[in-house]
Ligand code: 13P
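This document starts with one chain, in the form predicted alone, laid out as structure tokens.
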Amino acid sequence: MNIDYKSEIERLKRELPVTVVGHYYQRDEVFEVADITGDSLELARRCDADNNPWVVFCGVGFMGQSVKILAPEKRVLMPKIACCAMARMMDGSYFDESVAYMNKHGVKSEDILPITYINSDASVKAKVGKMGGLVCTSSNAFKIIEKGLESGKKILFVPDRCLGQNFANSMGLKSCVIGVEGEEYTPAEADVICFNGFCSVHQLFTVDDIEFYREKFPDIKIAVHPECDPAVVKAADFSGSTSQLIKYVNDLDPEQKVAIGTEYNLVNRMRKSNTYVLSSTKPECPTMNETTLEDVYLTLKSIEDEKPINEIFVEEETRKYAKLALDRMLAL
């Protein structure tokens, strides 16, 4: 029997106390059936404020965890518990090794303030929270790092080296990357010490891509996400978080050409003319694109059948310290 997944999804949403949530990077057909859309932390906060007890979260694993951290009473299901490649690069043990690396290079633990990007596992957020640190997003990292430096401590920034370095560069700070040979500064000399993680999608964008578009369209604007390589961010006209990129592009004259360095699904929905993808290949996040309409339907149906699938759980001790790191950010 053929099932009209979209119609069935709409029926189940009407009949069940559930909110379907979709990240900006989801494929169009999934994005279109979501009740709430946005970036990762924004989605978690809106889920916390929502009245429905069930959440079906279309995104990657750490995002479902963020809802459970902020709203533990919610039942959170994910059509696919897809794993963000960057988040997977660091776990609690790698965090401990990073602290040990800094200790080995002359920085005492009590002189370290850890900051973790929201794109990280709950276990990492908990380690950061336990050590007195904070979470940040790509839109508030400047403010969080600036505030953190007031402590007089070294910033250990995890897991994305590009985000850490880009904000350090924008603030005129010294930075280095853990374990990378030939760095200009040592951990003892640097202000921001970054874990060597990265987003595989945003690594696709290069300075060559920017030069190609500038040669083709001399008046073009280049807008990129700060998860891009520092050389790319330096060569761009604008760098900002997902929501900041959307605002930047929307505020441009419709006739202004712009090439955008971020995930394809988002770029494809921004504007239908004078908008280009800053890459010779399709910068599509493979894990964000795992979720299908069928997956959304089956997840909602599992609630109706009282046999929920792919439920997200966060152990209470982990949740407590991860929330502490998030609360410190939200307080700023």
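Every value quoted in this text rests on a predicted model; they were computed, and no experiment measured them. One rule holds for the numbers: they count along the sequence shown, beginning at 1.
Separately, the form predicted in complex with the ligand exists; it is not shown, and the next lines address it.
Enquirer: Using a 4.5 Å heavy atom cut-off, are 39, 138 and 202 all in contact with the ligand in the model of the complex?
Expert: Per the other structure, all of 39, 138 and 202 touch the ligand.
Enquirer: From the candidate stretches 72-80, 209-217, 116-124, 90-98, select the single one in contact with the ligand in the model of the complex, where contact means a heavy atom within 4.5 Å.
Expert: Within 4.5 Å of the partner lies stretch 116-124.
Enquirer: Using heavy atoms and a 4.5 Å limit, would one call residue 241 a contact residue for the ligand in the model of the complex?
Expert: Because a heavy atom of residue 241 falls inside 4.5 Å of the ligand in the model of the complex, the answer is yes.
Enquirer: Can you tell me whether residue 23 touches the ligand? I mean in the model of the complex, with a 4.5 angstroms heavy atom cut-off.
Expert: Contact check for residue 23: yes, within 4.5 Å of the ligand in the model of the complex.
Enquirer: Heavy atom to heavy atom, is residue 225 within 4.5 Å of the ligand in the model of the complex?
Expert: Residue 225: yes, in contact with the ligand in the model of the complex.
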